[in-house]
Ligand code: OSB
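In the form predicted on its own, a lone chain appears below as structure tokens.
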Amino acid sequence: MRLCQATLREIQMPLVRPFETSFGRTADRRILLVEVDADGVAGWGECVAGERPSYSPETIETAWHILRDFIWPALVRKEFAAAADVWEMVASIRGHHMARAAMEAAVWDAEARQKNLPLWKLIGGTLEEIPCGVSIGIQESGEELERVVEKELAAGYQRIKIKIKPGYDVEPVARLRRRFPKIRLMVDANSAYRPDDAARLRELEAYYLMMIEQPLGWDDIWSHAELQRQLMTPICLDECIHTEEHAQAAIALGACRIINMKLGRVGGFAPARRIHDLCRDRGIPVWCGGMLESGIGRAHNIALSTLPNFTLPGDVTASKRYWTEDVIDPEVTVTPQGTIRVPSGPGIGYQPRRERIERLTVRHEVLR
């Protein structure tokens, strides 16, 4: 393979409704799309870096800089056998996983299209239908939270996740468990708590949660191990796991019993597959998290979720939950049973809607 050109585009899309976490409230998304020309075949990726360095040190601005000034020069006009080689070709760049994943994913899409294969088959996926859960942001009232959960359950979603933070934790969980005693329920703190909040987090044990996701510091594996020893409820790590070595350490220390996999956070399909295999071999289930992606990023998440150890419902949902109109055709839909049927077409299996993408684009840069 040889990359002839790459195009960076920033698009701006308003969410159907604001999404609030312990980081803050998001109403509009700035999204960085990467399109590559690989031997005359287009491939698409999406950088999931946010507007602020809150979930991750990366932002859309740092990603644009790293893609243009470091990742592209490391790849342009060089011959390589497959998309799986991209990770090693940019290995000299420390960190910046979201930027690296955007380029790598675009090359994977291009390779799959060249071979007339669905991307999910090219990466070794086996699941033809994936189970879906939803992530529900912090709500203004308990009544509103109940209404939103009822709506998502009626749509078929198999698991409910709610965002929590200090002052918004035990009460909403207790309320939902009273109202919906049998649902699969979990919480996500996005690193909002500290080790001395352990007693508060232990109060959540009374409500039979599937897991507590990332309660403590985003880079603090050790304290999660200390907390997991105090809890029967499994801890799921998200922000702490950026590399295979982080996953090895977390598992060895007993810091978690579940891992949330995000393509951008770990740097692309090549490292994601290694972490997946490690977790499979150690008996640690994984599931796919979401980052308010457009349909392009969502399509890559669907492909990732077909790997066999993705045994829990992920945060991969229908396009209409977030966007009045997505940038792919067809849009992602969820069955009444709360699943997504994996597309059979080549590459990501969805076609980017170029005309809509161009209308949404606020800046672009062609790299040759």
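Here the structure is a predicted model, which means the values were calculated and not measured. Note that residue numbering begins at 1 and tracks the sequence as displayed.
The form predicted in complex with ligand OSB exists for this protein as well; it is not shown, and the discussion that follows is about that form.
- The shortest heavy atom separation between F310 and ligand OSB in the model of the complex exceeds 4.5 Å.
- Put simply, T243 is far from ligand OSB in the model of the complex: not one heavy atom of it is within 4.5 Å.
- The closest heavy atom approach of N190 to ligand OSB in the model of the complex falls within 4.5 Å.
- Contact between G125 and ligand OSB in the model of the complex is not found at the 4.5 Å heavy atom cutoff.
- Here the marked residues R9, E104 and Y350 all miss ligand OSB in the model of the complex; none has a heavy atom within 4.5 angstroms.
- Put simply, of L231, L292, I221, V148 only one has a heavy atom within 4.5 Å of ligand OSB in the model of the complex, and it is L292.
- A heavy atom within 4.5 Å of ligand OSB in the model of the complex is found for exactly one of R113, H97, K163, H276: K163.
- Just one listed stretch, out of 268-276, 284-292, 198-206, 138-146, contacts ligand OSB in the model of the complex at the 4.5 Å heavy atom level, and that stretch is 284-292.
- Contacts of stretch 13-27 with ligand OSB in the model of the complex, defined by any heavy atom lying within 4.5 Å, are made by F19, F23, listed in sequence order.
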